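A single chain, nothing else alongside it, follows as structure tokens in the form predicted alone.
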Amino acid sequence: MNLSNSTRNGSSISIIWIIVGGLAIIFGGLLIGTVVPFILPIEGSAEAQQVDGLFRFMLVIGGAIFLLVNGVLVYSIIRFRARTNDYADGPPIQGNTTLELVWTLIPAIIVTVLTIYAYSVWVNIQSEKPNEQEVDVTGQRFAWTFTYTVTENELADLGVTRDQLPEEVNAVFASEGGAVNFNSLQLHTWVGQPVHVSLHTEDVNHAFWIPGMRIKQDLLAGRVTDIRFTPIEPGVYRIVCAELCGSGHGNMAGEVDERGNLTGAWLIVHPDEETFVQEFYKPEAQNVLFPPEDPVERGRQILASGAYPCSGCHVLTELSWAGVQAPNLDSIGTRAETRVAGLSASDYLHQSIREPYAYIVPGYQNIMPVFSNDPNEPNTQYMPDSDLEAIVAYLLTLQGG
């Protein structure tokens, strides 16, 4: 009778320890899934909330499994350790069908649940949203360029009519089906606005990544890829290239210079549409609708807009460029006068843009793309003569010792 009670008490204690261990594993998994995400950046988009929710769920499961496996391992080391002066063989174990079924079935259920959950998150992120803001993104060594569209229907919102536009801008509207584009080195949107980003590369593969939005998409040569997100928190978010693309790869990430200026690619999320229009869209649209007549100012505007990927390789203090893969453009107007014998400063700058391989500054490699005035010429980037003349006029004003 006493032996029966002792056995019964031992079984009760074992059950209690199993329950305590199970609760500890569950609580530990929940704790890991709750605490670890605090090291992540702020959830800046609706998609970030979904991705982090999936991540937390995986952490809870992974944390619980980690504690279970290591708990059983520690228990086994202590409980079944070899006793002093015990040299006997361990008991023969033939296997346990029930245990094998359990540890096969449970992982299968976990994987199935995770697959369904992850697929639903992926579908929600990829699905088209109503009234999306369309932005084209060009990745090129070593800079991002964001292209926005001004349609004829939006002119009224800007307080402009077609007959007020310069003749050359009206010609663009006519040739582009009632639209004109402008470029920026930054991606601008506002809280609650679904954004559809179309991505393409001009050279090698890149990867467009905004950690705060939890979105990442590869740019593949010869293809157009896309990604969607909806910001929920205003602020400034860093944009990064997550695919090693060359010696200037790091320049494709947004940085803050010593003067506190944003350089490189950033996502600016305005608090509302009105702020977006007044602080970004309207002034930028006005610049492209009414380009300055002064070629010097127009050249500066073109380079500052990011229409061409010069900022990723060159240093130009006036425009906060900080590249190191190409010659410094500060005072280039002075240095161009004596760079190549027999070429004037203007001719040298023209040649450097149209034929960058003709003369390579010692210490640098031939990595600059060829800018052609023929949009159909293969393996080149199109730059109309009007843009070239304006850019050269601006560069000639950069004088100094």
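So that there is no doubt, residue numbering starts at 1 and follows the sequence shown. All values reported here derive from a predicted model rather than from experimental measurement.
There is another form of the same protein, the form predicted together with heme C; it is not shown, and what comes next is about it.
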property	result
The unique member of Thr263, Gln193, Gln325, Gln301 whose heavy atoms fall within 4.5 Å of heme C in the predicted bound form	Gln325
The single option of Ile353, Val51, Leu59, Leu67 touching heme C in the predicted bound form, heavy atom within 4.5 Å	Ile353
Options 268-276, 308-316, 122-130, 90-98; stretch whose heavy atom lies within 4.5 Å of heme C in the predicted bound form	308-316
4.5 Å heavy atom contact, Met383 to heme C in the predicted bound form	yes
Interface membership of Phe55, heme C in the predicted bound form, 4.5 Å heavy atom rule	no
Contact test in the predicted bound form: Pro369 vs heme C, heavy atoms, 4.5 Å	yes
Gln365: touches heme C in the predicted bound form, heavy atom cutoff 4.5 angstroms	yes
Within 4.5 Å of heme C in the predicted bound form, all of Leu40, Trp209 and Ile232 (non-hydrogen atom)	no
Partner contacts in the predicted bound form for 320-355 (non-hydrogen atom within 4.5 angstroms of heme C)	Gln325, Ala326, Pro327, Leu329, Ile332, Arg335, Arg339, Tyr348, Leu349, Ser352, Ile353
